[in-house]
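Just the one chain here, the form predicted alone, laid out as structure tokens.
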């Protein structure tokens, strides 16, 4: 018999996948959950986590070219897009939704698309030699993704708090209460803080994204407490608290262990007991 053919190694499924793969997966999951506002708060939290994970990955790939102090700024910008896009989205639901009937929530995606276009245009202006001339590779794509991810995340957070994408309910329960400020701060932290926290020659994408999931879990935990405290939905609030607490704790522990395992040395400060 002839020589045996070399066996090709089987392709292994890895998570997180590459930047494009993660973006597609996150966008599809978040979009499906946005257009189905009747889903349980726990599933909406899954959408929030994926949307913010996508945003954090976009911040990472944009900032690694030397953005420096612009890392927090671009995260804030992403959620700035998010709030504007989400408000436009619920406005579209209010004015265009009746024409769509059962699928009225699909109109909210108009805000997502508009912020994607605005983000892309911002990236073009930022890189254009005669305007700002930042000359950052793939900035146009990164800004577009930030606009879309931020809008999807905020729409899902509105949906959790208000129980729908009804304009009046969102204004009453998320904006007039001031809760939108908390959602804005923790959402932008989930986008920019992971890369900021892991900056350095040994920054590693899986470890960076662990931090994003952990912060997203904390955000959803707080939203669950809000649901219970306001008696909006006891069961939804309790289930969201349990799910989010598990996500937060698990990924916090994984992140800390990864940092200790991959660092050159771990020095105790006295505040937290050093793990031997």
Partner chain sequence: MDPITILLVVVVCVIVGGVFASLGVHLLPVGGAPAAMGTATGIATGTIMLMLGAAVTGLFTASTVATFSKNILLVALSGAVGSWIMMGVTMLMANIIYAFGAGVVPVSGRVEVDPITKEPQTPYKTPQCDGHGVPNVSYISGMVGAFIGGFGGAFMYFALLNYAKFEPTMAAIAAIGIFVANAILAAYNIGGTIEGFHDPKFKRLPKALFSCFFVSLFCGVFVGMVAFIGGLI
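Positions refer to the first chain, counted from 1. From a predicted model like this one, the values you see are computed outputs, not experimental measurements.
Although not depicted, the form predicted in complex with its partner chain is the subject of the following passage.
- Taking the partner from elsewhere, no residue among 238, 243 and 245 has a non-hydrogen atom within 4.5 angstroms of its partner chain in the predicted bound form.
- Under a 4.5 angstroms non-hydrogen atom cutoff, its partner chain in the predicted bound form lacks residue 104 among its neighbouring residues.
- Taking the partner from elsewhere, residue 195 is found to have every heavy atom lying beyond 4.5 Å of its partner chain in the predicted bound form.
- In the predicted bound form, at least one heavy atom of residue 72 sits within 4.5 Å of its partner chain.
- Proximity of residue 121 to its partner chain in the predicted bound form: non-hydrogen atoms within 4.5 Å are present.
- A heavy atom within 4.5 Å of its partner chain in the predicted bound form is found for one listed residue only; from 76, 109, 162, 186, this is 76.
- For the partner-free chain shown, 167, 171, 175, 176, 178 of 157-179 come within 4.5 angstroms of its partner chain in the predicted bound form, judged by any non-hydrogen atom.
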